[in-house]
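For reference, the chain that follows is the form predicted on its own, supplied as structure tokens.
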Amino acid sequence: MKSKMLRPLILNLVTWSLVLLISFPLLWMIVTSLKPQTELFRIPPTWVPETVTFEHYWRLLTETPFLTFFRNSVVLATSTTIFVVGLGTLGAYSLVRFRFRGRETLAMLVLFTYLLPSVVLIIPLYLMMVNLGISNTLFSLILAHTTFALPYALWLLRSFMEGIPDDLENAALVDGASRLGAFKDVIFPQLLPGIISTALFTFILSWNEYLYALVLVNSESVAPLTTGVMTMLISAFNIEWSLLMAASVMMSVPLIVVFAFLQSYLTSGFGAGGVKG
């Protein structure tokens, strides 16, 4: 009897310990961003700020180009997600529903491109952007992010598409629906959880990407948060820790909001559009 009561207690203790361990960097980042400058380097450190201040956030928003970087990241991640999800959905549909020679080989080649290290593609992409006359622009970053996010998104959506029975679409076609109509009314509701999962993955990947932005963009007006914050707050002689922590907190908020918003669709979307008997 005691062992049955002790087992859940130990399991809960271990679980919450892991949660605290994983979330500690985020909690410490938030605490540091709320500390006044005099408490930042105090030894021993203060786990809870003696005086809570929002001065670092105010300075970040009024004295630095943080809002410009933030806008660029929102545009970059959102545009990349739209491109990747749109192209990936159509590509996955064609790979699963249409029969043509070399279909499986093409699917494997798409996955192989995702396995290539990002650094291998930087120079060819940079030369391509220069030749097209779109280097050092936000559009060039959108195209670059699409190139490394699309292969995995296509493979992920393909696996979701393969799980949708052909009979559902065939029944709609027999009833007189067009191919586009069958996709909209039958395939899309079934594919919605996969689309949302892919969109979430793509948005986070694009939002956190650093290497492409560092190489392809050198102008402050089009720099995203990942490179803009680094060049703005970190130098060879000084690191603005207070502003850096405030910027890190604000960079994390959109990801948390997007995930929280899409999580409800992930749970409610499963089984949507199915045939009711």
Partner chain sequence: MANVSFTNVRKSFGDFTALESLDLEIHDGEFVALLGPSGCGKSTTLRMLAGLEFPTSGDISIGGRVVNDLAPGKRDIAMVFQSYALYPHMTVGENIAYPLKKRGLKKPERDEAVRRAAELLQLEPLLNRKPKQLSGGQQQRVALGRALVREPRVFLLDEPLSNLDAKLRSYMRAELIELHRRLGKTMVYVTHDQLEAMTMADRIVVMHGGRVQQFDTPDAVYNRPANRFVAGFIGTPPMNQIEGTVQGATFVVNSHRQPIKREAFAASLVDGPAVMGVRPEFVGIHDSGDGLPATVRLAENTGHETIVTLELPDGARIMSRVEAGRKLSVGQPVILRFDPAGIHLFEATENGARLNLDIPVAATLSQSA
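Residue numbers count along the first chain shown, from 1. Small disclaimer: the values here were computed from a predicted structure and weren't measured.
Beyond the structure shown, there is the form predicted together with its partner chain, which is absent from this document and is the topic of what follows.
From the list 69 to 77, 162 to 170, 138 to 146, 120 to 128, the contact stretch for its partner chain in the predicted complex under a 4.5 Å heavy atom rule is 162 to 170. Taking non-hydrogen atoms only, Val174 approaches its partner chain to within 4.5 angstroms in the predicted complex. Although the partner is absent here, Gly86 is not a contact residue: none of its heavy atoms lies within 4.5 angstroms of its partner chain in the predicted complex. Among heavy atoms of Val186, some come within 4.5 Å of its partner chain in the predicted complex.
Its partner chain is not drawn, but in the predicted complex it has a heavy atom within 4.5 Å of Gln190.
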